[in-house]
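Given next, in structure tokens, is a single chain: the form predicted alone.
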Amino acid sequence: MKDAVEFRNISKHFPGVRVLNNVTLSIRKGEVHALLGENGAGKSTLLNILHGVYSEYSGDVFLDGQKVCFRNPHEAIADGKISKVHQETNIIRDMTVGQNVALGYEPRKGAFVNYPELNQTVNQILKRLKCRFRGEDSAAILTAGEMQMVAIAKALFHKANVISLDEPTASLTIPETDALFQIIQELKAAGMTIIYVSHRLEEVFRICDRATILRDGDCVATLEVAETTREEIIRYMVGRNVSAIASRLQERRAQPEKVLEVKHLSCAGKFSDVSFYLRKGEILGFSGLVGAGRTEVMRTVFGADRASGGEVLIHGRPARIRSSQDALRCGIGLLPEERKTQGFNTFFDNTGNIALASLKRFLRLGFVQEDRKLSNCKKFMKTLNINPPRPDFLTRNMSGGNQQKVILAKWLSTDVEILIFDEPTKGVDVAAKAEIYRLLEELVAQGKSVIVVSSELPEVMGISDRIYVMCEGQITAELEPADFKEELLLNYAMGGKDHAEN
């Protein structure tokens, strides 16, 4: 089978950091090829070279046997017919869906944009993707999952021969994911080449033909997916055997004392009459489909969104939480789902971001003690295995998983006793997942209490002491470990009745 893409001896360095080291691999025409590896292994850098984001590197890139070197992403799209669907979608909310899809490549009628043609073309693609919204709709109303579908529609709009998908299902619902996989199979049947980056190995086994594994900038293996196992892939990825399934290794620490109670909490248009409690030393799971309202509940408890009714109690006493500063004073910390926009300051380095929520600790006579901030950063870089281990490195330039660790370090630098983790392992590799699971257990062993919002059923079942399930802005079930079954959680997540109503 002819190669659609070939990398020969690709190397790339940033100041003080080697990212790729003589990477050679080929991707066949008409296959779905997985690109796997831990965060920081070099996957994104290799794709950025292919897509013209980085034009300075050593080695050669070939498309259909022809050597190419794109100077920018526009050349890759226009000349190479290559399109990329990013993990973190960028949508211009003030534009329509159709304008976002066709941005920079709008069909014209004379000097003006031909909007009827534009919307007709976009709507055909959206219908193919089984989207409920249309090209004429405002992008401001889209959910995170719908924004991801717009990014995929954009790739189809450009009629690309090669599409790379970077964690495409991270924000998708189950029906949206099924629709995407159907589209991938159709594109493959039409001869299109798909490069698929995902940390969800079940997806790799479901739709990919071959998988290439990168580790520390080196290409360590290319495997036929049908002839390998999950354990073999993980062994290549991390250099050792690591279980990707969450499981409790320490004894459970939950105590009778309720550190947090939420009673009849509502937020107009988002969720209503939500009540739950969190015990000292407990890992409390929140499950549900994308759009169920879990994130909105946590943002309201944290004071990021204003409640329209209900109350929050800390240790049995009403808490007046109207801002994140109020939440911090009450001993609550939130690791948000959207880490790039809500989790850290994009202009700060790792030292500054890790100290962001605990600046008072580093003040002396009104002045910041930079040496103590630096010492704090180095401590957590070692504890959480943050890579690259450079305090002066800009957090925005790190891989997604390592950005997640920096945000974790930010909250661990504070004295909060209640930590809310919203999708803590989203876009994180299997080794980092294992580290985060162990960290959660260490936190409750220290007497802290944890809420974990997760869309991954094995994760939320494996790590939680109890689970609340949400659907359409309401809690539909509270489950104890004896009831932790995927079918049961999915039933409640899709609106099934609670035990008492069966």
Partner chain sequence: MLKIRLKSRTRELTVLAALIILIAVFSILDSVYLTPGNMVDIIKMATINGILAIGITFVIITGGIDLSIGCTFAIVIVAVGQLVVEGVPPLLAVLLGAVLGVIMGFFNGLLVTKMNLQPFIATLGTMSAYRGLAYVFTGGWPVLGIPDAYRKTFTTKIMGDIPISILVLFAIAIITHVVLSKTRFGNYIYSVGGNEESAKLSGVNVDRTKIMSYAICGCCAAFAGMIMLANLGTGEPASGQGYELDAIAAAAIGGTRMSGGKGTVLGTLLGALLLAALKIGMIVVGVQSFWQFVVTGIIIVIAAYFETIQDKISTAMFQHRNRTQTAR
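Residue numbers count along the first chain shown, from 1. These figures come from a predicted structure and were not determined experimentally.
There is another form of this protein, the form predicted in complex with the partner chain, and it is not shown here; the text below is about that form.
*Asks:* Could you tell me if Gly343 has a non-hydrogen atom within 4.5 Å of the partner chain in the model of the complex?
*Replies:* Looking in the model of the complex, residue contacts with the partner chain include Gly343, since a heavy atom lies within 4.5 Å.
*Asks:* Spell out, yes or no, whether the shortest heavy atom distance between Phe348 and the partner chain in the model of the complex is within 4.5 Å.
*Replies:* Yes - in the model of the complex, heavy atoms of Phe348 and the partner chain come within 4.5 Å of each other.
*Asks:* Do Pro388 and the partner chain come within 4.5 Å of each other in the model of the complex, heavy atoms counted?
*Replies:* Judged by the heavy-atom cut-off of 4.5 Å, Pro388 is in contact with the partner chain in the model of the complex.
*Asks:* With the partner left out of view, is Ala357 within 4.5 angstroms of the partner chain in the model of the complex by any non-hydrogen atom?
*Replies:* The answer is yes: Ala357 has a heavy atom within 4.5 Å of the partner chain.
*Asks:* Does the partner chain come within 4.5 Å of a heavy atom in each of Val97, Phe133 and Phe181 in the model of the complex?
*Replies:* No, none of the three is in contact.
*Asks:* In the model of the complex, which of 318-326, 282-290, 105-113, 136-144 comes within 4.5 Å of the partner chain (heavy atoms)?
*Replies:* Stretch with heavy atoms near the partner: 318-326.
*Asks:* Going by heavy atom distances of 4.5 angstroms or less, which of Gly191, Gly366, Pro256, Gly269 would be at the interface with the partner chain in the model of the complex?
*Replies:* Of Gly191, Gly366, Pro256, Gly269, the residue with a heavy atom within 4.5 Å of the partner chain in the model of the complex is Gly366.
*Asks:* I need to confirm a contact call. Of Val262, Val416, Ile233, Ala304, which residue comes within 4.5 Å of the partner chain in the model of the complex, counting heavy atoms only?
*Replies:* Of Val262, Val416, Ile233, Ala304, the residue with a heavy atom within 4.5 Å of the partner chain in the model of the complex is Ala304.
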